[in-house]
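For reference, the chain that follows is the form predicted on its own, supplied as structure tokens.
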Amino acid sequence: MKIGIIGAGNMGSGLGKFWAQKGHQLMFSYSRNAAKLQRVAEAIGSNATVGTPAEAVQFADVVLLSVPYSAIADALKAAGSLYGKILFSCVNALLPDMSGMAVGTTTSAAEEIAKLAPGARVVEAFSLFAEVLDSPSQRFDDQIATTLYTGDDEAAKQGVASLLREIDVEVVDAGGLKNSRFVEPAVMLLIQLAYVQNMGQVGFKLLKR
């Protein structure tokens, strides 16, 4: 699969590393530092190249949006039309200082992204924190973390779910994109636990019976 990545920070590069190891072709884009973008691609290897956001969209079967919430409008403008493309967002509506959320419960980052990218097949999912992705194992002892994903296009959701499984998580369909209004605050709670209360590496586990 060809994956265009808009945003080459810790999450974009961390997920890209796994996908390149599975044989997917990557194109990284959108960085204030072109040299950093090139270094990320070179560190991943021959399966990764760099380009503009518009080039990454044209290249890709799936586009990963991995930028700060404050940058979504600029990043999507640079990307151009995403009509018909699977747009996999791992963007949460965090304030720049991570003290709270810019939107929540009445809308979500995912829904705002869908408004800015008309015709895109938006799927939202939060995999694992970057520190967990960079660890030798993505499991918590013998437990596999749960990742919730939302979206309104079933085929697009299945495509994203297959990519998520490659990073060794349990994937759970959390319903339509509107349900991101509830998933995003839950992820914000994890951020508070991990970084404010210093609990270290954390993740979700959904129990069912």
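All residue numbers refer to positions in the sequence shown, first residue = 1. No experiment lies behind these values; they were computed from the predicted model shown.
In what follows, reference is made to the form predicted in complex with a further copy of the same chain, a form of this protein that is not presented.
Looking at the partner-bound form in the predicted bound form, is Asn179 within 4.5 Å of a further copy of the same chain by any heavy atom?
-> Because a heavy atom of Asn179 falls inside 4.5 Å of a further copy of the same chain in the predicted bound form, the answer is yes.
Are any of the heavy atoms in Gln143 no more than 4.5 Å from a heavy atom of a further copy of the same chain in the predicted bound form?
-> Taking the distances in the predicted bound form, the answer for Gln143 is yes, it comes within 4.5 Å of a further copy of the same chain.
4.5 Å heavy atom contact, Leu37 to a further copy of the same chain in the predicted bound form | No, Leu37 stays farther than 4.5 Å from a further copy of the same chain in the predicted bound form.
Should Glu55 be counted as a contact of a further copy of the same chain in the predicted bound form, where contact means heavy atoms within 4.5 Å?
-> Answer no; every heavy atom of Glu55 is more than 4.5 Å from a further copy of the same chain in the predicted bound form.
Sequence-ordered residues of 179-209 touching a further copy of the same chain in the predicted bound form, heavy atom within 4.5 Å = The stretch touches the partner through Asn179, Arg181, Phe182, Val183, Glu184, Pro185, Ala186, Val187, Met188, Leu189, Leu190, Ile191, Gln192, Leu193, Tyr195, Gln197, Met199, Gly200, Gln201, Val202, Gly203, Phe204, Lys205, Leu206, Leu207, Lys208, Arg209.
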